[in-house]
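Taking the form predicted on its own, here's one chain by itself in structure tokens.
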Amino acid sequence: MKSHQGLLPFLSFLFTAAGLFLVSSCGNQGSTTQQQGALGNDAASQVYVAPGEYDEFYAFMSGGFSGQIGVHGLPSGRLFKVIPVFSVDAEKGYGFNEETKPMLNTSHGFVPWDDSHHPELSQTNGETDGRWIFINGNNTPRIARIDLTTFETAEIIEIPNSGGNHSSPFTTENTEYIVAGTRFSVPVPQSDVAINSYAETFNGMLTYVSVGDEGEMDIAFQILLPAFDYDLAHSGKGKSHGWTFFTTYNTEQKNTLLEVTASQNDKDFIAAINWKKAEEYIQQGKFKEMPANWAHNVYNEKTHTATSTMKKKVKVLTPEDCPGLVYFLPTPKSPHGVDVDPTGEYIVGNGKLSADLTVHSFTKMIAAIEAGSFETTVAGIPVLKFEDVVAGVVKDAGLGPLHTEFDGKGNAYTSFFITSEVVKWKVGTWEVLDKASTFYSIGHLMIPGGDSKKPDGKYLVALNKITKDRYLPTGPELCHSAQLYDISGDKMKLLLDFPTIGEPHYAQGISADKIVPNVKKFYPLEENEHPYRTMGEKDTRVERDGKNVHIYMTSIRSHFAPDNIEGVKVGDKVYLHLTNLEQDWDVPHGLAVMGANTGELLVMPGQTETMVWEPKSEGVIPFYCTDFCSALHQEMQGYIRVSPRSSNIALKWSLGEEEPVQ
């Protein structure tokens, strides 16, 4: 109890300091004054992208509690698209149409929401390559892969034996694997145990998901670890390729009031995982096959349809049985981010309750392992001696360090939550070079390619948690703010604030020229293998199978075929299969039916999508195109006649003045 009482005043001091800082810097007048000082007269010209010109970079920002990804341009900050990932999206029909519903399937059933934190671009030779971006679902543990030729979610894999997929989905330098570390330790396998038996009956689990040549994901193996909380991760590169580093907190293994009980130890750990050694143990059969229920959901671009497959087992490695697989590096208490510099030599641990930044050396870590320089072991895992693995310390940099990225010029940039600033420091000498206020509490920061071997050290984006007085007010909740800094010179220069969707925890940036040449403009009709496709108006039809009615429909500027349908009855289950016949860029067509209980369809050129509608009462029901497509968009509409269940109205469908077809 003494240690609790000693910590509470310290926490009180931190929160008081944070409050005083916000009060002093967040008032409207003070904020404006500081902003005018930080923004140069030419800032507007530096972020201006002329009409018809492209931004230099894409920025992919997690939507946090929205479950989606926001796509912005840099330096303009303009929002281009919201990519539906873990949450249903009525704008695009994602999770509503029959083709994408399987993407949100899990072992818990259909889960139409998640908390997305960390986007991660695929890499080749340690450099971002523009093929895919991955993102984690934190609540129902999942990882999604987005295809950057279409900017659509192509695959979602559920992570079993996990209680919150937070330290995820950080990639290895050739995208051999993406990782998933559990935030909350849980009983493994899940079972009915007393919560206060946490230290004895709970475990943490780290998951390595393999990524194939076409992006296909699979759970390669899991590693059973002590019941800590596993917060963030980054994989090594260059000399440290073959290793992944995970921060941990709650090494005290407590289960209640963690803000106090999980801050007792002077140090927590960075877990260093030798995944190449793990591959050897898997080949040697050292794993245990554990029953587990998890969903694997894949969208097929040929059939334009997703499928969901339930898997039943995973391969699990245990450190006690696999020497050399895991080592613990002591690091200042309650670390959040763990970041690896472009050379792969330095591993930065950000202890949230420290004013310093502790930097570990990969070379020293290997030497300590070879020398057996261990303080102790925990669950069979060697704990390396702190002094033998530290490369240096950035002293008194600020309060509340969270995340670090690199500019490729030997400099590092760390976000400090409590003092609301970005601090630039020199890798190797550990000296502070510059500080820039973010005005409000910053979480992650991002430099395009800043966690790769080859950063584009031109811009930095600060992702802030609080935006009081920053924008026009919108009620009790305000949008979250991103701030763009020019980091090309010696001093950081604030150029722009721009609002974001949801709560961006992390972001990834990439040069536009790595993506633009490969973007798909439409889906070739001749490649459409959807089982309910309609390849032309001559193939449109309506078919009945008991109470199921299938409408094979097409759209083209500016009509549906057919646009008059009769013979549908109350109680029918109507499947509207819409094929967009357009073969031109940016000509989607929408379909909305009055009273339908699902979202609209938004069908890309050459695609087929399906809406299910169950009419509850008789009448004549209009449908129309929801996406403006031509000067005669308003005329793009039709009617479905719904008759009583007992009626003998035959199916009829037509387009124009021609005789109805039966």
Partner chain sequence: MKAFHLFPIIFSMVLVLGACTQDTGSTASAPTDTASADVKGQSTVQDDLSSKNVLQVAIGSKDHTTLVAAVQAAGLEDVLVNAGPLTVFAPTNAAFDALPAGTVEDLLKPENKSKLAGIIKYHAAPGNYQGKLLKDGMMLYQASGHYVKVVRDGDNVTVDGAKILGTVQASNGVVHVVDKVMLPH
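All of these numbers come straight from a predicted model, not from anything done at the bench. Numbering follows the first chain given and starts at 1.
Here the subject shifts to the form predicted in complex with the partner chain, a form of this protein not shown in this document.
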The single option of Phe522, Phe498, Tyr552, Trp430 touching the partner chain in the model of the complex, heavy atom within 4.5 Å: Phe522
Single option in Arg544, Lys468, Arg557, Lys385 placed near the partner chain in the model of the complex, where near means a heavy atom within 4.5 Å: Arg557
Which of 59-67, 609-617, 594-602, 622-630 sits within 4.5 Å of the partner chain in the model of the complex, heavy atom basis: 622-630
4.5 angstroms heavy atom contact with the partner chain in the model of the complex for Gln583: yes
Stretch 42-74 - residues with a heavy atom within 4.5 Å of the partner chain in the model of the complex: Ser45, Tyr48, Val49, Ala50, Pro51, Gly52, Glu53, Tyr54, Asp55, Glu56
